[in-house]
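Next up: just one chain, as structure tokens, the form predicted on its own.
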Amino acid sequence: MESKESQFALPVDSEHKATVFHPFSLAAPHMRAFHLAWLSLFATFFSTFAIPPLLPIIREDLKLTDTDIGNAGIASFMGSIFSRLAMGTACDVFGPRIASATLSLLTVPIVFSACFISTPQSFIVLRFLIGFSLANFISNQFWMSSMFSGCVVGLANGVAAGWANVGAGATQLIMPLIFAFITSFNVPAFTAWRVAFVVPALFQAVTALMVLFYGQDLPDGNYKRRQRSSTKPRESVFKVLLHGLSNYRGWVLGLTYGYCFGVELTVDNIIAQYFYDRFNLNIETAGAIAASFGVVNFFSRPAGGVISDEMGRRFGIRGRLWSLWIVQTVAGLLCILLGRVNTLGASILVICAFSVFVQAASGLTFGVVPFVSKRSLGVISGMTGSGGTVGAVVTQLLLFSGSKYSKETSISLMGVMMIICSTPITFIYFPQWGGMFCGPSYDSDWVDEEYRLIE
């Protein structure tokens, strides 16, 4: 009789998770899930960050002050803090396919409503509500951890999130081009920017429907089917949530992620306007420079996943933790430098180097997440992902919302915060694997899987 493993296009482990990662394959179910996951998250990043590159026009139309813009930036992240934590629990209970598609479809009308806002208050509310869609990042990472084995999960998580995060950079380049295309038909600028938002709304709707109809939660089927056939008792949502929230490693990774991915979100919000104002560039040029920061995600975040997996193979969890701390610290130093350089050419060079390290740190963080708790993987992913948006909110509030500091000084201070907030990584310890400075406290014969289940 044909074995179950032979029914998959890719080699799999005992849980039927793929042990190899072929990003240019469409093999079902593993690689199809990968492509649906990154593309749908790409669409939500594209929608969420479609506003910043058009801010010079929107600011004039809606009579926005710097305080309004800063508050809107904070609002865009606030919306995703609790939605990311809720998304983790939703993935644990309903599966990533339903959770992701539902959230994307619910936020599509909000993206469309950008066409009708007319006051600073409605602008802030709009950014708050659109920000909810960023919770799809959690379903993206959960889905990859459900489909790929530990030997390649860091790479899978890194590429799925990295390619998706390119959406934040692509929108910086594409939205000004869409705006320019519309105005070429003699459409007034204050009308053209509104019409431009039809594009991200339609894109997000299409990708959500693709996830819903073509996706599969697990290698062996969808969540409901597996739950009906499983002989194991199903745990309550409260227990799943409690086990995740009581694991201190999730909180440490949330703080770490807050000052790599959270910084990335903050930069996505401010960088186009920063170059536009500081170096007197036009909107297309400022958008192109800002796009370079996000587009680097195509390879930088996946590189973080590759480094995490390779260091894990060579040195175990200690290698994963050390590489995360080193890369994030270097990113912090480059962020400090970015605020100190005074010429356009030097700023472009530094921001390109900075983008590589800060995005690789994000990939390295989620190279550790799948090993924290199998039982509450969604909750741990949600805690970590929520940490990213909390970090963005705190940074935007302290440094870029009516701050007494110039933007250059604020960027350097953001780098200092990155270095400080990476130090708690040294406290992460796994009894069966060890930590950065200590070896394991259990015998090597101790079963890893049992630990992950009771955590």
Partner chain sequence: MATRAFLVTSLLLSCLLQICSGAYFSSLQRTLIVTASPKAGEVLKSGEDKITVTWGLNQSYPAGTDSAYKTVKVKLCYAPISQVDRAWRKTVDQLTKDKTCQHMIVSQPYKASNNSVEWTIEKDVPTATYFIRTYAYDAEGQEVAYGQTTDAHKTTNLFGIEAITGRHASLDIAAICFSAFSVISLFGFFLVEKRKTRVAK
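Predicted, not measured: the structure shown is a model, and the values here were computed from it. Numbering follows the first chain given and starts at 1.
Unshown form predicted in complex with its partner chain; subsequent notes refer to it.
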Legend entry - Contact assignment for its partner chain in the predicted bound form, among Ile174, Leu129, Val166, Ala205, heavy atom within 4.5 Å: Ala205
Legend entry - Listed residue that, although its partner chain is not shown, lies within 4.5 Å of it in the predicted bound form (heavy atoms), from Arg249, Arg318, Arg194, His243: Arg194
Legend entry - Contact at Arg313, Val379 and Trp433 by its partner chain in the predicted bound form, all three, heavy atom at most 4.5 Å: no
Inset, instruction - Using a 4.5 Å heavy atom cut-off, indicate which stretch of 320-328, 249-257, 359-367, 197-205 touches its partner chain in the predicted bound form. - result: 197-205
Legend entry - 4.5 Å heavy atom contact, Asn280 and its partner chain in the predicted bound form: yes
Inset, instruction - Answer for Leu399 alone: is it within 4.5 Å of its partner chain in the predicted bound form, judged on heavy atom distances? - result: no
Inset, instruction - Spell out, yes or no, whether the shortest heavy atom distance between Phe213 and its partner chain in the predicted bound form is within 4.5 Å. - result: yes
Inset, instruction - Could you confirm whether Ala180 comes within 4.5 Å of its partner chain in the predicted bound form, counting heavy atoms only? - result: no
Inset, instruction - Determine the residues of 55-69 with a heavy atom within 4.5 Å of its partner chain in the predicted bound form and present them in sequence order; the list may be empty. - result: Arg59, Glu60, Asp61, Lys63, Leu64, Thr65, Asp66, Thr67, Ile69
